[in-house]
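The data below hold one chain only, encoded as structure tokens and taken in the form predicted alone.
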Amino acid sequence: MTDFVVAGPAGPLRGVVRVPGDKSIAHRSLLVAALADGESEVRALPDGDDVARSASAVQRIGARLVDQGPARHPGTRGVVRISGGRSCLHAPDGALDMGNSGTAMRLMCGLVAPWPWSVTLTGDASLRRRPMRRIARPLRMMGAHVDCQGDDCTAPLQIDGGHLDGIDYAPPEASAQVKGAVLLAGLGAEGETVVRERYPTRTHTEDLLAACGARVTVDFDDEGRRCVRVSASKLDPLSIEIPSDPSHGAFWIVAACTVPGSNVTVQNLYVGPARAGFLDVLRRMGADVTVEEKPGTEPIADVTAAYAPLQATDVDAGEVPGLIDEIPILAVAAAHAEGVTRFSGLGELRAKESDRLATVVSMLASFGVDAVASDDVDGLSVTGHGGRHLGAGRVDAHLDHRIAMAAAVAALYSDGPTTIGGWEAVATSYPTFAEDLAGLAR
């Protein structure tokens, strides 16, 4: 495994940074564009390996992708033109390799399920350990045949699709990936498909479908659950510029909040529904964060963070679906705060690239931070150092990109060099992270 060394303690971080585009939006944009009749245009598509797997998968089923013009921002592609639609799509020749991307695999299962194809999806060793039962269950209810491995329904997955019927489904877990898979399957199903959410999750799938003219509506039922409804639809081409990923921006925002003297602006962050919750948590902790929203149809902003002493807070289960990817870096903020920060409802972390709840605890322990996971409420408590230096040592990122990057931020205000093992995982989502760190730390 590749090692990365952070020579803490670092001086102040200062400057402006633009992080790669939002992976959640990018995956969905590629899949929706493949289904749309005509030529779609996607700008600033992130060029990490995760999104590249979705791009490869839609090409394998017949969509045509053409790059035009140079990239305007580091870590992105230029203009990608995508020609898709029912007349050009077909079953792939061989298995679709989704690499390390659970999002790509789960969404792609939903996309192929309505088609009369037999499609096998696989991935790397980490992805083949991740549970896929949560999408197999509703797709089987709709009429798809899903073969998988073992009780957790792990990959390789074989989807034999065809005639699907719409379902009314309330996922037992709060998951935008499950919702997205069911809605994509619902585009080709007979009748209406409904997904009912107790806790609202990211709205990217339904937003993109609506932008392409799909028959999709949102309302609330008598129990207060958010209901997304979709019926079989023909999609119009998509035109979108992928905004910067807030879960990537969170690393620099927390870094600025925890390294004395720092002041960092992260440009062009998506701050729409269920994506800016980490900013609310940081504000409760006393962070100095300002948000300058930009005009336009999308909720995008430049976010500036400066150092300020942090205080512990509680993060309850209702907040977690909107900031699930930011939990590792929020745990680093908690490590620097005064008092004990408590998180609950983190069960979803156990189904990520690693058992992310366990790896967060292990990472913080490497810095001498007292962190305890509690199975009864899927919780985490972190006793902060109150602004004092963390310890330094060796972190095993378990080939989890978010653990590796969170460890790098924690190491910035530690009392010596920290070695992070498994750094190569960062290439899946943020290949220019080390360069951006060097630029801000000059």
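Start at 1 with the first residue shown and count on from there. Computed from a predicted structure; not experimentally measured.
If you look for the form predicted together with shikimate-3-phosphate, you will not find it shown, but the lines that follow are about it.
- Comparing 110 to 118, 225 to 233, 210 to 218, 323 to 331 against shikimate-3-phosphate in the model of the complex, the single stretch with non-hydrogen atoms within 4.5 angstroms of it is 323 to 331.
- Contact annotation: residue 336 falls outside 4.5 Å of shikimate-3-phosphate in the model of the complex, judged by heavy atom distances.
- With a 4.5 Å cutoff on heavy atoms, residue 177 counts as touching shikimate-3-phosphate in the model of the complex.
- Taking the partner from elsewhere, residue 77 is found to have every heavy atom lying beyond 4.5 Å of shikimate-3-phosphate in the model of the complex.
- In the model of the complex, shikimate-3-phosphate sits within 4.5 Å of a heavy atom of residue 348.
- Contact here is defined as any heavy atom lying within 4.5 Å of shikimate-3-phosphate in the model of the complex, and by that definition each of 28, 352 and 402 is a contact residue.
- This chain lacks the partner; the member of 198, 134, 342, 129 within 4.5 angstroms of shikimate-3-phosphate in the model of the complex by a non-hydrogen atom is 134.
- Interface residue among 122, 103, 304, 83 relative to shikimate-3-phosphate in the model of the complex, by the heavy atom within 4.5 Å criterion: 103.
- For the partner-free chain shown, just 202 of 198 to 235 comes within 4.5 angstroms of shikimate-3-phosphate in the model of the complex, judged by any non-hydrogen atom.
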